[in-house]
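The chain that follows stands alone, in the form predicted alone, written as structure tokens.
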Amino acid sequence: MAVSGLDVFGLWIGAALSLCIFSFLYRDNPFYRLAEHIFVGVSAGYYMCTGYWQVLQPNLIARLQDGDWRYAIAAVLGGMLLMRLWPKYAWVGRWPLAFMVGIYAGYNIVYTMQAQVLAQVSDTIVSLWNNPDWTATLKNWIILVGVLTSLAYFYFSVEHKGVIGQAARVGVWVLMITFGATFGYTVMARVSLLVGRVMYFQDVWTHTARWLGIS
């Protein structure tokens, strides 16, 4: 596949900005701040454009053009939010903001209960006996013990002594294992990003050499 000079130039710009970001590993410097400002500016411009064409245009402007004037209420509320740009009239923006927060909170209460609380409770209701595979039985017992001991650690109505205290100490180990696994997963995700950036540098050299006719 032919590689144009414009493609190579774009790849080198990306490589230079990546090196500017990596320079923060040494210390804060103007190159890092330049790349940071470029990233923030480009991201803001990109999301503003996508927000207009993918959200505002089809969901508001197109509906108003079709004659559905119910969406004029949303337009008015959106205009009231813009009043926060002027400190003298910033209080006007509190009304649509309160409306948005109330709707969002009411929706997420139901969503959180269904997707997290009830789902997690149902996942802990497992069969402890008569499983076809002994590994499934062991896994279910680990889930049961982990849940009960973790709850015992956060049960502060009684002093952590005796059985409650021993269960709470086991719960600490369960929590530490959970936090360690979560941290390891996060590190692996960041390592995969680093690997992707290193492979990007490889693509830069490969496409540059192909453009120069070296290989």
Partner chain sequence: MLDKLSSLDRRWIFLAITIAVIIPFVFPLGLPIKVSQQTKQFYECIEQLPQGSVVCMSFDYGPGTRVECHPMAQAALYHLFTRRCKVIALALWPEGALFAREALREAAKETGAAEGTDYVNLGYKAGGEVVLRGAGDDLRAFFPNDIDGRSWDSIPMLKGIKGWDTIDLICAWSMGKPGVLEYVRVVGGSYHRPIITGTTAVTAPEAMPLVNSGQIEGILQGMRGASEYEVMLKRPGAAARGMDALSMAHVAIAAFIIMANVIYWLNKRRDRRNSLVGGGA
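Numbering follows the first chain given and starts at 1. Not measured: the values here are computed from a predicted model.
Not on display, but discussed next: the form predicted in complex with the partner chain.
Engineer: Against the partner chain in the predicted complex, would Y26 count as a contact residue? Criterion: heavy atoms within 4.5 Å.
Structural biologist: Output for Y26 is yes: heavy atoms within 4.5 Å of the partner chain.
Engineer: Check whether R63 has any heavy atom within 4.5 Å of a heavy atom of the partner chain in the predicted complex, and answer yes or no.
Structural biologist: Yes, R63 sits close enough to the partner chain in the predicted complex that at least one of its heavy atoms falls within 4.5 Å.
Engineer: With a 4.5 Å heavy atom cut-off, would you call Q166 a contact of the partner chain in the predicted complex?
Structural biologist: Result no; Q166 lies far from the partner chain in the predicted complex.
Engineer: Find out whether any non-hydrogen atom of V187 is located within 4.5 angstroms of the partner chain in the predicted complex, and reply yes or no.
Structural biologist: Heavy-atom contact with the partner chain at 4.5 Å: present for V187.
Engineer: Is every one of Y46, Q116 and Q120 in contact with the partner chain in the predicted complex, taking contact as a heavy atom within 4.5 Å?
Structural biologist: All of them do, each having a heavy atom within 4.5 Å of the partner.
Engineer: Can you tell me which residues in 83-108 come within 4.5 angstroms of the partner chain in the predicted complex, by heavy atoms?
Structural biologist: Contacts from 83-108: Y104, Y107, N108.
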